[in-house]
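Shown next are two forms of a single protein chain, provided one at a time as structure tokens under the names structure 1 and structure 2.
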Structure 1
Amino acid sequence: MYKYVLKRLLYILPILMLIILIVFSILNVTPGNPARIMLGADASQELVDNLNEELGLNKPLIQRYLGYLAGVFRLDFGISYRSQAPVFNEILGNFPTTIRLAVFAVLTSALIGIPLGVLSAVRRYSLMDMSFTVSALVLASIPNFWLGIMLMLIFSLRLGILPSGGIGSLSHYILPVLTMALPSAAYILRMTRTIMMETMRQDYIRTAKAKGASPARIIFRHALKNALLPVLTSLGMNFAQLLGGTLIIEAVFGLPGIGSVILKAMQMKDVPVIMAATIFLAVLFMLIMLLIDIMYAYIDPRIKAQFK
């Protein structure tokens, strides 16, 4: 197990270097001059050229990339063009809002999707099953931003029971969390239903029935434990994606998260902030996937045997 974890951690370095190269290249070939954006349209070309020289933007792309990579290895991620502060000050300052959103959304989607998926599989082809399946298909097809706007119109503007945006108390998280969790819960419901139906046809389930095990024991003790493995993977990937994919939701509800930081940085072409946020989220994603693999090993002894 330790050798496996160490090997996976070593894989992070080359993957990260490739990600840095791709994102850095894209940012440097897209239209827009950071110096011009910072100084404004009325600034003289001489001032723009001087600032470009000061920021090192006149150097060849490969030289800038190697210089940035050397700074990353020294844990120096640069200074924000916009705020003139270390880039991680802004990222880490806004990250708690994003991680709260992601954690609440994943927990909500699991608490909704897994029980309903199990119930749908147990009562398969019934009216309840068909209702859950149709509802899941509808929710999975709705764009997040449209769902967020509809929830805002109903619960904030019409009923007036929940705040429409901003941050302050837990009530401010309800609408954005539901916006992110409901489509994900629909996917988890369908996945749990499919895997549970397949698991219930396995030989060991028939053996448990033959031994007189109760339906509840068969479902929760035998079937659900094995069916949860791919569901856990999906929840982990969804959590990792939500950490960097809340940009639209944060914009709709006016939340100060890492998505809003990235959006402002893109508007200002603040390359150091975009690069630091990309590296931060990429490393976080890879560590979360490693954690899921380790959880797999402890849940399923067959997988743990492969790590030895």
Structure 2
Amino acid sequence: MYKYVLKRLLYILPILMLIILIVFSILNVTPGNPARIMLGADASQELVDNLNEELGLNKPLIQRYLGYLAGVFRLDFGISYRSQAPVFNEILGNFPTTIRLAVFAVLTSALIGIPLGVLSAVRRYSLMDMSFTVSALVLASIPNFWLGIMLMLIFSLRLGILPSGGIGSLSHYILPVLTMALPSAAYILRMTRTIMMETMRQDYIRTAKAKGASPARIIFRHALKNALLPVLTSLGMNFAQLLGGTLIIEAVFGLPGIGSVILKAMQMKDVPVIMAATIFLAVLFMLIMLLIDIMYAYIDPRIKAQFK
């Protein structure tokens, strides 16, 4: 088991380097000239050249990449073109908001999606199941920014029961988290339903029924326990979507998360900040997937046995 975890952890390193290479190449083969952006349009060519020299921007791409990579492992992501402050500090300060949003949203979607999915599978083709199917389909077609705006219109501008933006108290998180969680809850619901229905057709469920186990015991003890594993994976995949979603949701509700850092940096062509924030989110996503894989191996005795 430890060997498995260690192997997976070591495997992260090359992937991390590749991710950084991809993001680095995308953002560095650009027509824009960072030194020109930092100094403004009226600066003399000599000054621009000097700054390029100083920042090492005239070196070949691969050399810059290796330099950047070395920096990343020391948590040095360079200096922001705009604020001239270390990028790492800038991002670290905004990171908790995004994490909180994504974690709350994943938990909420699981808490809504899994029980309703089980219910849907047990009472399949009932009126309730159908209405869940329809709502899931509609929710999958709503842009998240518009869902947020509609919730904001109803709950804060009309009813006035929830704050419409900013952070401060826990209630500030309710609307953004709901906006993110509702569509993924619909997705989790569909996943749970399909997997539960599949599981209920298995032989061991028939065996349990034949033994005279109660329906509740069959559903929770025999079926759900097995169905939860694939659901767990889809929860993890969902997390990626949610991390991406925070970019837009933070803009809607004016939350100071990593998404707003990226947007601000994009408007100002602040490449080091965009790069660092993208790498941060990609790494976070990778770690979550790793955690799920490890949990998978820990929960599922079939996988656990392979690594004994």
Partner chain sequence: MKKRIAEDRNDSQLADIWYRFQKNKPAVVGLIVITLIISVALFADVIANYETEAIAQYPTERLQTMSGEHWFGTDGYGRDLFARIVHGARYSLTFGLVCSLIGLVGGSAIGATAAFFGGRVDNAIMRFIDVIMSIPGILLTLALIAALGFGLKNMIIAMSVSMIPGFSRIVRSQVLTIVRQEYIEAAKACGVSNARIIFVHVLPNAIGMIIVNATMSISGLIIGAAGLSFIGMGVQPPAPEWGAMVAESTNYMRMYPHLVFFPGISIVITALSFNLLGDGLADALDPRMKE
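All values reported here derive from a predicted model rather than from experimental measurement. Take the two forms, find the largest set of C-alpha atoms that superpose within 1.5 Å, and that set is the rigid core. FYI, numbering is relative to structure 1, first residue = 1.
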Item checked: Chain form predicted together with its partner chain: structure number out of two -> 2
Notebook entry, point to check: Comparing between structure 1 and structure 2 on the rigid core: C-alpha of Pro256 shifted by 2 Å or more?
Noted result: no
Notebook entry, point to check: Taking the rigid core as reference, does Arg74 move its C-alpha 2 Å or further between structure 1 and structure 2?
Noted result: yes
Note to self: For Met266, does the CA position differ by 2 Å or more between structure 1 and structure 2 when the superposition is done on the rigid core?
What the structure shows: no
Next item on the list: Any chance you could measure the C-alpha shift of Ile12 between structure 1 and structure 2 with the core superposed, in Å?
Entry: 2.9
Notebook entry, point to check: Once you lay the two forms on top of each other by their rigid core, how far has the C-alpha of Ile62 moved between structure 1 and structure 2, in Å?
Noted result: 4.5
